[in-house]
Each structure stands twice: as C-alpha cells, then as structure tokens.
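Below sits a lone chain in structure tokens, taken as the form predicted alone.
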C-alpha cells in the first residue's frame, strides 16, 4: 500500500484522504464559529450584560490562531463599542502572539489595516502597537509620517518626537528654532495633554498662542436667565428660548425679568460662565445662543464640557442632553455628531444649576467647540478675533439661592 511519511509517522493514503475531506468540511465551520464568536462579543450590553457568553466566545477566538481570525477581529473593532473593543483587543493580542510561525505575514496584513485611514482610530493604533512590538525599527521610521494622521491616537508619538526635539533646541539656546518646532507640533496637536505643555513652552519663549482658536471654542454668545429650576424641574420644562430666539424679547424669569445679554469668554479653554451676567444663583436655568457661519454643508462634531445638567439644539433641532450635576468637567467630555448647513447655523445651550451650595458646586458654565471627527477645529467664517482681557474678575466662592 502506498503511504506518506511525515515526521516518522506513516499515514495510509486512504486515511489521508479522509483527513483532507474532514478539513475541507471543517474550515467553513471554523469561519462560521469565528463570525458567531465575534457577533457574541459585539452584542455585549451595558453594565456587563452578556459577559458570560462573551467570555466563552473569547475562548473560542483565541483557540483559532490564524491570520483570518486576527483580521476578522480587527475588522469587528471598526463597529465595536468601548466594552466590546476591550474584549476584541485582548483576543487579538493573544491570537497575534500565538502566530509565532507566521508573524511576518501577519505584520504585513496588520500594516495594510493600519495604513487604511478608514479603519477605527483606536484599532489602527493597536495594530501599530503590535507592529512596533515586533519590529521597533520599522515603527520608528513610520512615526514621523504620522504627524497629520486623522487619528489623534497615531499623531501622539510624532508630536512627542517634536516636543523632545524642541526641548533639546531650547536647552542649546536656539530659541527661534525651538519656537518653530513647537509651533509645528502645536499645529498638529489635538489632545489637551499635549496642547497645554506646548502652549506653555511657546509662551515661556515669548511666542503668542491662541488656544481658543486652535481648539475652535465658541467664545461669544448671548445669554438669558434666570428661569426656575426648583426641585430640578427646569430641565424638562420648556422656557421661551426653546420656542423662539428673539434677542429683543423679555420674559418672566425667576424673581426677575429675563433679558438677553451678550457674554464672551476670556478663558483659554473657552469656558462660558453664567455666573458673570446672572450672579451666583442656585436652582436656576440659563440659556446661551450663538450663530456659526459655515462655508459649506458638512458633517461635524460638537464637543461639550459641562458639569451641570444641559441640553443642546442645533438649527432648532434637539441634539442631546444630560440631567446630571457636578460630575466634573473636561475638554471634549461629550461628543455629538451634527450636520452644518452652508451659511448660518444656530446653536442653543441650556444649563441648569441645582440646589447644592457646597463650594465645589459654584460653577455654572460650559465650553463648546466644533471640529471634525479627528478633533481638528472647524472655524466659522464669521469668527471674530479671540477676546482679550488684561485681568479676570474675581468672584465670590459662596453661591446663594434665588
């Protein structure tokens, strides 16, 4: 009988035919299993709903260490939410590690995924991390070319290189060269933890920095209030500005007439402070209105930072809101997709103060900017120069009820 010799084992041709037949029939099953496992992970709900099924699906994925499984996982990251992304990332890392004999080919495949800018920013960053782990020299060559990548996560390393270069030039006493390098880095920087130190370095060297313009914060508004928010009922209550915007109108407010007043920000991060035109009030509602001229019709992101309860309307359409108080505030805390019209776009913000009077509840403010999906500012065609004030007004730290 004819036989095949492999690793000192004799496999009869009939048995080999059976094995091949089984493999051909089994491969589609593996593909279906991969797809099912990924769908199970993508279905993970809030507060860990579906975690037990996801755990089993994760085990099934890591037991299929092949390129197709790896790239199927990366493809799923493009549509995964934060929790599912963590599961998929963990599975991809194990599968990649187990592809020891085929890592060079896997690096090439990952490279194609990483270079495709349509893929998820975070997933592209993770693919790059795996490439860097396997071939740090190649990764080092790639980094400078990522300075203007649409992914903030991938820009980070290129900007860090420029920051390091700028510090070196500064230490050598080459002030003008350092300023040029810092400015180049700042032009591409999106994330606050890089923008802030770059701004400080430039200011230290005597260069001017316009952070509100860099981020695209909206600095000039019309505000009106106060309206009542006793027992936190004001969040759902519809006050006149939600039905009409007439800057000449006057309405019945809380303990006083509510009139529109101009308000502008001198804060480098665009904070609009309702306490300044209205006073340190509690259990109150205020609105801010502005107009944004767009040179074209386009999609955009509206990014908000606010520690009060809030709602937002764009061109009269309700976008989103959160009835929560004093959870903290940071740049780009909330991200909302919007559609800008060519020409005038209207933006209305509602912000509520609750009954708390502790010192850390004084802030009644928000910061808002418009940008593309990567975080690069979209500037209005009617944008005026950033407001400048020599000294900021000091204010009392203890609020009062109104």
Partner chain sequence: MITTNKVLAFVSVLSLSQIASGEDWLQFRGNDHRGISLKSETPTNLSKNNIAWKIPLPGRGLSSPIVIGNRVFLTASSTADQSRLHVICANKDNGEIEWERQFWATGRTICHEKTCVAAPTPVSDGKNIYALYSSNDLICLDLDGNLKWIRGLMQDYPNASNSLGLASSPIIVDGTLIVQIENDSDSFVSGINLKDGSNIWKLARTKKANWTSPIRLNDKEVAIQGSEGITCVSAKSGTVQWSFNEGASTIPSSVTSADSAILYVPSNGITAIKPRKDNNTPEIVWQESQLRPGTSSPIIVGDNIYIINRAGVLNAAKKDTGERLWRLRLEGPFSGSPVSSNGHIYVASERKGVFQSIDINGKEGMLRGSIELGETILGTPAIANNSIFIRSDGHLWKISNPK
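Since this is a predicted model, take the numbers as computed values, not measurements. Positions refer to the first chain, counted from 1. Basically, rigid core = biggest C-alpha set you can superpose within 1.5 Å across the two forms.
FYI, the form predicted together with the partner chain isn't displayed, but the following is about it.
Checking 35, 337, 357, 51 against the partner chain in the model of the complex, a heavy atom within 4.5 Å turns up for just one residue: 51. Note on the partner interface in the model of the complex: the residue among 265, 85, 201, 223 having a heavy atom within 4.5 angstroms of the partner chain is 85. Stretch 321-329 is the answer when you ask which of 181-189, 135-143, 321-329, 277-285 has residues with heavy atoms within 4.5 Å of the partner chain in the model of the complex. Although the partner chain is omitted here, in the model of the complex none of 250, 290 and 344 has a heavy atom within 4.5 Å of it. When contacts are judged by a 4.5 Å heavy atom cut-off, residue 213 does not count as touching the partner chain in the model of the complex. Using a 4.5 angstroms limit between non-hydrogen atoms, residue 298 is distant from the partner chain in the model of the complex. Residue contact check for residue 39: none of its heavy atoms lie within 4.5 Å of the partner chain in the model of the complex. Residue contact check for residue 97: one or more of its heavy atoms lie within 4.5 Å of the partner chain in the model of the complex. Looking at 51-65, the residues that come within 4.5 Å of the partner chain in the model of the complex, counting any heavy atom, are 51, 52, 55, 58, 59, 62. Comparing the forms between the shown form and the other one, the C-alpha position of residue 73 differs by 2 angstroms or more, with the core used for superposition. When two forms of a protein are overlaid on their rigid core, residues whose CA moves 2 Å or more are considered shifted, and residue 124 is one of them between the shown form and the other one. Relative to this conformation, a decrease of 3 Å or more in the Cα-Cα distance between residue 82 and residue 337 is found in the model of the complex.
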